[in-house]
Every structure is written in C-alpha cells, then in structure tokens.
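Take a look at this single chain in structure tokens; it is the form predicted on its own.
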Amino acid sequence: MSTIQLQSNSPKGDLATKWTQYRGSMNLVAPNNKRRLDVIIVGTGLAGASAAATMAELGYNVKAFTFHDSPRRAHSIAAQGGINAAKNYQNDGDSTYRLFYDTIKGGDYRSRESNVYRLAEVSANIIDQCVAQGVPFAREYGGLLANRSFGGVQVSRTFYARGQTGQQLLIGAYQALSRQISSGKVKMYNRHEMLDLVLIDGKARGIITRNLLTGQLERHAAHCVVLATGGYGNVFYLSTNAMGSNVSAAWRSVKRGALMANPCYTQIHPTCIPVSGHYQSKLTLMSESLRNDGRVWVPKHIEDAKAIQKGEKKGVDIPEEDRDYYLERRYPAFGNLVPRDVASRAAKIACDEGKGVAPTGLAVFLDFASAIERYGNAEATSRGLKNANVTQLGEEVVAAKYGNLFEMYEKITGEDPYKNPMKIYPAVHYTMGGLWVDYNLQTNIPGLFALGEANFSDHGANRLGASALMQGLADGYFVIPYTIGTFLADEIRTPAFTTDAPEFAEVEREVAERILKLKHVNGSQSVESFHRRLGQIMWEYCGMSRNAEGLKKGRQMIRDLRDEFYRDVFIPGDIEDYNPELEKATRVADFLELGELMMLDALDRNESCGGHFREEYKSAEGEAARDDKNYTYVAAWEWDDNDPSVHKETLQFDNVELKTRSYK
C-alpha cells in the first residue's frame, strides 16, 4: 500500500468569505501567458462545454474532445426537471446558507463543507449567465423567472424550462463553445474517445484517443488535462443514463494513479418508468418535478394490488380510503418531496410487502388526479366560470407545466397519465462517487482536474434533485477557470509538449496492446451479454440495499465474469475501422473492474448513509443509520488488480451539526 496524503487544500477563513478571499489571493496567469498554455478538456456536456468556452475566452488554447458527433449529444441534454440556485425569488426563506445546509444534509453529511458552500454561493451567478445566453426559463405571469420545489427542501429554488432544462442549458453552453471554436481558440475533436492518460514526470500532460470513425489511435499533448466525462451509472447496465455513458476516461486515470472516491455511492432515482422486460436496455426517467403535484401511493390491501398486477383493476378503481399515500404518512413534514434515497427505499419497502402495481410487482403509483382538480377549481374561479369542466381546465394547467413529460410517458407505456396514475419505480440514475479532487478540483495527480459528475466533491452520499446541472455549470463557468491557475501559474515557462515524447509512445503502445488483446479473444459471447450480466450482479448485490454476505459474493462473481470475458468475448469487425462493438468492449472491460471496486467500497463502509444502505445498519424504523464515529470520511481508493487500498480524507463539520437526518 502506497502512502498518499490527501489534502483538501480548502483555504482557511470563515466559510462565507472563504471563496471570495481565495479568489483574491490565488496565483493567476497573466493574459499574455495564457496564450502559451494548452488545456485538454475531455467531455462536452454542461461542465466540459462551459469550461472549454470560458477558458478559451480567457485566452488558453483549448482542445475539446467528445465521443459524440456533436457536443450537443452529451447526456446533460437528458436532464429534465431543473437547476437549483439560491436566488430566493419566491421570498420563502431561501439563502446561500440554506442551499448549503440542504445539500450537506441531503448528502447525509458525507461531503466537504467548503466545496458545498462554494457551490451554493456561485449558484445565483449561473442563472444570470444562462438568462444572458437566452435560456428560456419558465416565467411567472408577470415575467419574473418561475421556481418550483424539489425533494429534500422546503423552499422553491429550482429554475426550469418545462421538462427540457438540460437541453436548454446545454444549448446555451454549446453556443458559447461554438463561438470559441469559430474564433480558433477551441479545437474541437468530435467522435474521439479518450482511452488513456499520459503522465510526464508525474504530471498529466496528455491523452491517447481513438478516432471512432477511422479506428486510428492519436496522441494529444497539453499542459494539463480536465475530465468532464460524467458518471458511471451504466455499470448497472439498466439505468437512466444514455447507453454510451461510461467510466473509461476516469477509470484509465485511476489505472494511472488517480484515486476513485466513494465509488459505492449510487443514486437510485424514485421516479422512473418501471422495467418491462428482461431484454430491455434503457430506462426512462420521469422528472422529480412531477412529485411537486403528483401523489405517490399503493393500495392498502394486497388483494387490490394483485388485481392491478393481473390487469383486473386500474388505479382509478381503488377508492380513496383504500389508498396508502405512504410518503405523506411516513414523512409528514416533506411528504412526496423527500430526498431521492428516502423515496426510493420507501417504494422498495411497499413493493416488498406485495403492494406493487405493475405486472412484475415492482411499481407504485404517481397520481395527478388531486392536482388536476385543484388547478381546475383555481382556474375556474380566476376566470369567473360557473359550471366549468374543472377536469379539462386542470389538465390544461398540468399540461402547461409538465406536458412533454406526460407525452413521453404515454408514448412509452401506452397509458394516458391524465386519466390513470403513472406507474413508477426506482432505478439507477446518478453516481455521487467519482475521482477524488481537492478544493481546486484537482485530483491527486498534478495537472489532472475533474468536473461535474466525474468528481465526488459536492453531493456526499445522496444528490438532491436539480443539483447536477448546478454543479456542472458551477464547476465549468465559475470554479475551474480560477482554480486551474493554481497549477498553470507554475507552468508558464514550460514549453508546449510534443507527442514525440517517449511517454506518449509507451502509453499508445499499451493502448494498442489492450485493444489487440480484446479483439484476439475471438470467443462466442457478445459484449452486450457480459454487460447485462454485470448489471444484474450489481443490481442484485450492490443496488438499493446491500449486505456483507451479498457484497462478498457479488465481488467474486464479478471477478469470475471478468475472467470469462477475457476468455470468451467476441468482437466483430476490424480494429482500424468504425467499430461500435470494439468501443463497447473497452468500456465494459473498465466497468468490470469498477464494479468490483464498488462492491469493495460498499463492503468496507459498515454503516448506512444516503444512497448506501447496508441492511445490517438501520434504525428501528428502517431508516439509514450512520456511524459518524468511524465513517465520517471520504474513501479514496487506489486500484490494484489484486488488492485495492483505501485512503481516507477526514471530513470536518465546523458549520453544521452532525445529526440524524429526519424528514418527518
């Protein structure tokens, strides 16, 4: 086990003034020196596109990479419900501190105070930036920006553009990026996938990519490397992530010495369309914003649930007195707007009791009937209408707020959610774990930075809804353009790197050998079949709940599956050609190693917190039971093929009180 000293590098001073004072005293790179420095940015979602645009505007020479045909294809586009910001437009008591506190509490006290406060502090700037870019946020009747509530909070701080918030925000970042591409400050590499990291004298100085159209390996050098490559939820195979989302850029960095922090912290989103069949390859998210107006329930009586499962009854056939609005019953203070981990476990408990409402028994209802009636009555009153069709008026209001989500649900399921309650069930959505970074968003490898979902820094053991877009844009627009200077200020005399360096040749050779090894297995099983089996193992033993026996079993099953993968995987096509199956194979190979580390991390953390629910550690009421005495730390793992080792960053809480999380 190597000795790695984890330094958060959080500046000293009061929490509320820490970031401002740090920005005023950190090392800077003068404009004339920025022109000498090259920066590689991998990933062009919200974090990557905003970082590339901003750093190019500052004067750096930026190379940006995406495996998509356009930056606009990044998975950020799929985000639906909104983006948080402490603007307090609703005058309901919100503040920077309250957003900070809600995020710390929502993450079950497993995140770093200084990073989270900075996130809350810069959140307000994001909205101004995006409005200036023309992002069409929803507005109130008077023209002011509208807000709605999300889980885990008691204020309305979520800005949104119907159910297309991620798409609209990404278009804003993309146009800023496009401006820099047209000016020549950003050189854009579409359809290029990072397959390895190049270190020179211990610092990140470049990457090896594969041109996905030609199959050619390419070398790219820079003074530093920024990863903004998203999360690793697809290790579970079935998830709400785009099917191309992967861990490879981050994982290849781990193989070069970067630390993977809290890999077992996986978010299970409670509001997804349930699995419909064994060979399904993708799950669809229904925005958490629906829990503003939708009420979650299951039948009180198992016989009613069984009748619904068999198709003999529908949700509308169950009278009000025979419905269990279990979130409202269990968590009266927050009701249907409890955090995602709490809502997901409650749904699992209801279905485990036999009260599920899908043919599989794995679904609960999300019902808009009362919201339609409420909005309809309000609309009729405001218009002065008598004998109005209240249901029709209410449906019109709901359609204005959530229409595209309702349309999507009906197209996928064939059921009209205006007439029948939606069926939802938890599914893998977001990963709070990621590359370990310090306050500057720099990993333990000098010159390697990680942004957005690719790092671990802001969400602890559970992410609050509408905070992913906030973190991505905060990191890209308002954090990394400053903090990258703490590294590059010492590099202004470092000449541009050449890809002729022996380090580049060696890493390229290793990448080529790794690809050749996979291609030459020439087995009988598809890459997809291995990925599906891995996902089943992950969901069964490291999913919504875990226990020591299952985690040990799951780890061994993954090791056996990995051995089988390298004995019997079949990859058609040629190496030096367009070959999506080869792309998939390199990603699944990395997932097979990450999956084992996730099992190990979950086994090592003998407590329940946020999305990490160990069945052995729960309260008398079935809630997560933390162990603050022994586990108030970030677990940063150093990979080894046989025996990964953990390094610990102790978390200090000087501004919030560590206490049992309660939403009752």
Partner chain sequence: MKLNLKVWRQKNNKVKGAFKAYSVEASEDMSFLEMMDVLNEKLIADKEEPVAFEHDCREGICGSCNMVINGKPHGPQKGTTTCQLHMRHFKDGDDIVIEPFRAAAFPVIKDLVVDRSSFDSIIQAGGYISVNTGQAPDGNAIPIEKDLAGQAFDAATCIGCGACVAACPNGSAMLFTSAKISHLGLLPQGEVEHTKRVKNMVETMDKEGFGMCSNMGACEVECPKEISIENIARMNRSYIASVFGAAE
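Residue numbers count along the first chain shown, from 1. Since the model is a prediction, treat every value here as computed from it, not as a measurement.
As for the form predicted together with its partner chain, it is not shown, yet the points below apply to it.
Looking at P446, G335, P136, G215 here, can you tell me which has any non-hydrogen atom within 4.5 angstroms of its partner chain in the model of the complex? Exactly one residue meets the criterion: P136.
M408, L488, V507, V155 - the one with a heavy atom within 4.5 Å of its partner chain in the model of the complex: The option sitting close enough to the partner is M408.
So in the model of the complex, is its partner chain close enough to E621 to count as touching (4.5 Å, heavy atoms)? E621: no contact with its partner chain in the model of the complex.
Might D577 be said to contact its partner chain in the model of the complex, defining contact as any heavy atom within 4.5 Å? Residue-level check for D577: yes, a contact with its partner chain.
Can any non-hydrogen atom of G257 be found within 4.5 angstroms of its partner chain in the model of the complex? G257 lies outside the contact set for its partner chain.
T54: touches its partner chain in the model of the complex, heavy atom cutoff 4.5 angstroms: Contact check for T54: yes, within 4.5 Å of its partner chain in the model of the complex.
Any idea which of 346-354, 295-303, 172-180, 380-388 reaches within 4.5 Å of its partner chain in the model of the complex, heavy atoms considered? Careful reading of the contacts points to 172-180.
Pull the contact list for 409-426: residues with a heavy atom within 4.5 Å of its partner chain in the model of the complex, in sequence order. Contacts from 409-426: E410, K411, I412, T413, G414.
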